[in-house]
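There is one chain below, alone, in structure tokens, taken in the form predicted alone.
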């Protein structure tokens, strides 16, 4: 139950936390004081993290602000829906806003622990707030700002006219006569100054109302930064063993969709003889192992396990797998193959040992697995290859332009390996802006989190393109 205590915000405004959330927008000034279950705690945190990770991924892939906003709207509708007050009749607004409120504070706790985590959290939360502010209708935005007592001095009409040339040159895209300008210290709007999007005179920046979101995000960032500093000092006192493991490890959580293996594969039939024809749909990790298998006629244990489970996931049966691996290991005798390798292949399919039906490895498992040693081919090329080797491999597999190569390598340097893989997919599949899901709409790709998902998306895209070309 909610407590009925009354709280005072930083602005001095008295607020009763027992009232419903009045606005979609939230500065998160007041922490939640209700009880939630441990299950809610985890679900809320991971759902919000899905949205923040999607923002990071889209930004790293150099998408436009409009593309990012459209993508985040799709992701938010899945994990963290938050509708405007005008949708009160159609959506459970209080439930949505409660989840948004609580999930923010959970992640605030989780990401307060180090300077690096705090910077990451502030960056993504500011981006999310910016998207929501821009999407909100004018009346709701103004009501929220009034509630937070955020006001800026306006230029008078005479002052505005006296600076018409300077203001118009700094903001050529606006309708000057209809625009209101705020006067702020130029230090408050470093982003606008860097973009030369404001007129500056005597230490003051003249901000058009169309850029008001920048001023609001600056205030949001300032408050969140201060709150994270406070949380970091309080964090050591948390001793609840029910939530500490999640708080300490949430930034390393695997957020990809679980891969469910079934017999309804996306391709008609996968056999030992046609695997080579499908390599063009493989992610780099699997393509690398396939190439090395063809070159060396052998793979060591971890590569065999990683590649075998992937092939299982795309529809290669155990019978065909035995044929595939026997033909591939062409330099050894049948007796040696049966004695040293056949058992492990059947084991991967749940036909030996504990008879566990193993699933294909996701990207996180592959990335976090042991570093490949000499002669080993498993792992993730984006993480485990040297920069020079990765450059060569990317060039060999379809990345022809220097700017594309640099974009991928820059993402790799930031240790965003799955984002780099997604960027590689977009470049090599000629998806500069968006991807079709066969519904007549264009969507920004979600970050690839599983080799088998990469394969599925590649095959699906090929089928859509072939269908469109045949019309």
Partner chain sequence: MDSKEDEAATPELLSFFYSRIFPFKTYVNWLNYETESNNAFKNRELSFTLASDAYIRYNSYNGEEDLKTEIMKMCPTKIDIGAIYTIKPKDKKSMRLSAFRPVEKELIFDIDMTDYDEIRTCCSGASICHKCWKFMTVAIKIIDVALREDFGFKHLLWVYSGRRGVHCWVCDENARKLSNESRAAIVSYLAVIKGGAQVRKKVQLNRTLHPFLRRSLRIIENYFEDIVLKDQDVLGSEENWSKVLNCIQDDEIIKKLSNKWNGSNSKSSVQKWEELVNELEHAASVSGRKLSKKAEQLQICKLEIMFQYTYPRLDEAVSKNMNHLLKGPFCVHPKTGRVCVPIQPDDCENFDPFEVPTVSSLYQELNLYIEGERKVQDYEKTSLKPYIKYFDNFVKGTSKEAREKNRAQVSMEF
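Positions refer to the first chain, counted from 1. This structure is a prediction, so every number in the text was calculated from the model and none was measured. Only the largest set of C-alpha atoms that superpose within 1.5 Å between the two forms is called the rigid core.
Below, we refer to the form predicted in complex with the partner chain, which is not included among the displayed structures.
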item	value
Interface segment, criterion being heavy atoms within 4.5 Å of the partner chain in the predicted bound form, picked from 187-195, 125-133, 229-237, 78-86	187-195
Answer option from 371, 162, 90, 248, heavy atom within 4.5 Å of the partner chain in the predicted bound form	371
Sole residue of 346, 101, 326, 292 within 4.5 Å of the partner chain in the predicted bound form, by heavy atom	292
4.5 Å heavy atom contact, residue 199 and the partner chain in the predicted bound form	yes
4.5 Å heavy atom contact, residue 176 to the partner chain in the predicted bound form	no
Heavy atom of residue 169 within 4.5 Å of the partner chain in the predicted bound form	yes
Distance check, residue 222 to the partner chain in the predicted bound form, heavy atom within 4.5 Å	no
Site test, 113, 119 and 154 vs the partner chain in the predicted bound form, non-hydrogen atom cutoff 4.5 Å	no
Sequence-ordered residues of 295-315 touching the partner chain in the predicted bound form, heavy atom within 4.5 Å	300, 302
Exceeds or equals 2 Å, Cα of residue 103 between the shown form and the other one, core fit	no
Residue 92 C-alpha shift between the shown form and the other one of 2 Å or more, rigid core reference	no
Did residue 344 shift 2 Å or more between the shown form and the other one, C-alpha, core superposed	yes
Closer or farther in the predicted bound form, the Cα atoms of residue 369 and residue 116, when the shift from this form is 3 Å or more	closer
Distance direction in the predicted bound form for the C-alpha atoms of residue 380 and residue 123, relative to the displayed form (3 angstroms or more)	closer
